[in-house]
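As structure tokens, the next two blocks hold two forms of the same chain, structure 1 and structure 2.
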Structure 1
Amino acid sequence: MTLVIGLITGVLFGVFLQQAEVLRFEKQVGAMRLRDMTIVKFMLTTIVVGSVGVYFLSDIGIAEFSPRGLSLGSQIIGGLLFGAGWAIIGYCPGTSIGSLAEGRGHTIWPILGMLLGSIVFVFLYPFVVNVINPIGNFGSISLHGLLGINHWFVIAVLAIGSIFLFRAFERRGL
């Protein structure tokens, strides 16, 4: 049942990606050039909605939420690899699959690269766990935990800040 729910939510997320037009190459490049904030607005919205959903389900006891530990080594190297791939190809992994589903055949190349990268990662996994993850490992931390405040306060500030940011983007035509 968990896999079915995952499939349904994945398909719905893909539909939302398509409806928001974030699968388009022009939107991807516009985001990288800071000239089109459609992707930023979409992802920030998913972060706020996801935060509300995850913490609500956790608070009522339906789901358990335990964030991964923060490793600066993993975050920096992973972020650089992700960013380089996005800049070179013009798509991130999720949007490349969505674009292929829309009929853009050229996105098969980033998808094959993603699969190849996954295979390489399998072989490098012991190195990542033993060498890279310990670099700057802070364990499981959260903003509300660091500040010693309720998570709903952080989510409210994030939501309100997002609204102001969206309004600023809209005023500038971004």
Structure 2
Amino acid sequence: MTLVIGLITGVLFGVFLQQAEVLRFEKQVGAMRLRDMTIVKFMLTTIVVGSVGVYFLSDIGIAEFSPRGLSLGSQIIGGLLFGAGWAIIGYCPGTSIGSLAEGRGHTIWPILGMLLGSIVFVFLYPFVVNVINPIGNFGSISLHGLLGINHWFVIAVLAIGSIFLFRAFERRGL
């Protein structure tokens, strides 16, 4: 059943990504070139609605989760490496699959690149675990935990901040 639900969830997510036009190279690299903020609009809206949803579930006791562990080494070095690769290939792992399915046959090359990178990562794994991950490792920390405030306050700030950002994007035609 888990597999069927996974497939259905993926299909719906694929439809939303495709309809929002975020699967395109031009939209992805366009955001990094600060010309077209389509993917940022999509992502931030998903995050704001998603945070309201999952914290509501958590408050009523349906869901239980804790944020991914914080390691400054992993997130800063890994994040910058990912960003560099993302700018070159123009897709992230999820959108690469969707883009190929949208007919953009050239996405097969980034996908092969990511599979090649996967094998590289197998060999880098001990280094990542033993050297990178311990740098600035603080375990699971949430934004509200760090600030010592209620999670709904952080979500409100996130939502209001996003709305101001969206208004700025729309005014500038991004």
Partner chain sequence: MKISKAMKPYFFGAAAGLLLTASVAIEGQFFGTSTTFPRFATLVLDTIGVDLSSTAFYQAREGSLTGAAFPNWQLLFVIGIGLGAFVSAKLSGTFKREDLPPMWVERFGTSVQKRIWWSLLGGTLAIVGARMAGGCPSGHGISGLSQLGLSSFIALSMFFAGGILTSRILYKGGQA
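Take the two forms, superpose them, and find the largest set of C-alpha atoms that agree within 1.5 Å; that set is the rigid core. Residue 1 is the first residue of structure 1, and the numbers go on in sequence order from there. Everything numeric here is computed off the predicted structure, so don't read it as measured data.
Matching each structure to its source, the form predicted in complex with its partner chain turns out to be structure 2. Gly30 is not among the residues whose C-alpha shifts by 2 Å or more between structures 1 and 2 once the rigid core is aligned; its shift stays under 2 Å. Gly117: CA moves 2 Å or more between structures 1 and 2 after rigid-core fitting.
Gly61: CA moves less than 2 Å between structures 1 and 2 after rigid-core fitting.
Comparing between structures 1 and 2 on a rigid core frame, one finds that Phe127 has its C-alpha moved by 3.3 Å.
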